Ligand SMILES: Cc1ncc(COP(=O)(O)O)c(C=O)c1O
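Starting off, we have a lone chain in the form predicted alone, written out as structure tokens.
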């Protein structure tokens, strides 16, 4: 019988898990580092899940319909997902690109025929590089633009459907594919939907699961006086900063069963080295945030108490959108 899908929307999710077998053996690691290959979603990133969640919610409540224009702020992947999955449902999308968006992603937008706008076009956060990014100001600015032009602000940073979709899909997939044997869950946060929704689900199944958040180290953040020039693309600090800089979904779910066991800082340069090493050892070709999350997972795997444990880490995207950066640049 034919197995033909009617839309790329039907292909989102159910991504596989793969263990970092060769690297573990080469480095004498006794834990099992298991990556979820979210870059095998239709547009190549975990953000396809987010796009499905946001669009499904807006269609269901009648906020949008065929022909509507969506807008949001993005460093690349969310926008690509909203463009592709939106087009599949006859919706339009306008991205407001964050500084540091790679050349590859900008070209992808143009390939989708989009009108690309800049983060700096949002007056409310035009000076964020000096003052730091206040999410409430960003949300107010993009909502103002939507209201003035009749667009729909998809609200990736604030809508609970973001984390709830991962609670319904990503978490159960991991639990199913590991036969319920998850000891650590490791992920970075941008909107933090993946981290919060998946973490909530796994902790409900096993209260002893350790939820590990990963963030760029201070020297990998543009607002830091020690900034080295290399960032962990598309991510935000999760803790040890003023609460106004913490992703909204983390704060809104503190009374909903979500909390961190640990937050690990990772330098962008260390993530680059991890990406290069695991490309050679296991044939992975990870994006920056995936490599940073894996760097933290490797740190955990070296601990004596992690021996024999399963460490599940999210690989949000692959490295093909970062070839213009230093991610895979070898001296």
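Positions refer to the first chain, counted from 1. Note that the structure is predicted; figures quoted are calculated from it, not measured.
Below, we turn to the form predicted together with the ligand, even though it does not appear here.
*Asks:* Please pick out the stretch from 84-92, 112-120, 136-144, 184-192 that is in contact with the ligand in the predicted complex, where contact means heavy atoms within 4.5 Å.
*Replies:* Of the options given, it is 184-192.
*Asks:* Checking a candidate spot here: are 160, 200 and 256 all in contact with the ligand in the predicted complex (at least one heavy atom each within 4.5 Å)?
*Replies:* Answer is no for this spot.
*Asks:* Does the 4.5 Å heavy atom contact test between residue 221 and the ligand in the predicted complex come out positive?
*Replies:* Residue 221 lies outside the contact set for the ligand.
*Asks:* Do residue 77 and the ligand come within 4.5 Å of each other in the predicted complex, heavy atoms counted?
*Replies:* Answer yes; at least one heavy atom of residue 77 falls within 4.5 Å of the ligand in the predicted complex.
*Asks:* Report whether the minimum heavy atom distance between residue 234 and the ligand in the predicted complex is within 4.5 Å.
*Replies:* Residue 234 belongs to the contact set for the ligand.
*Asks:* Though the partner is not shown here, which residues of 276-307 have a heavy atom within 4.5 Å of the ligand in the predicted complex?
*Replies:* Residue within 4.5 Å: 289, and no other.
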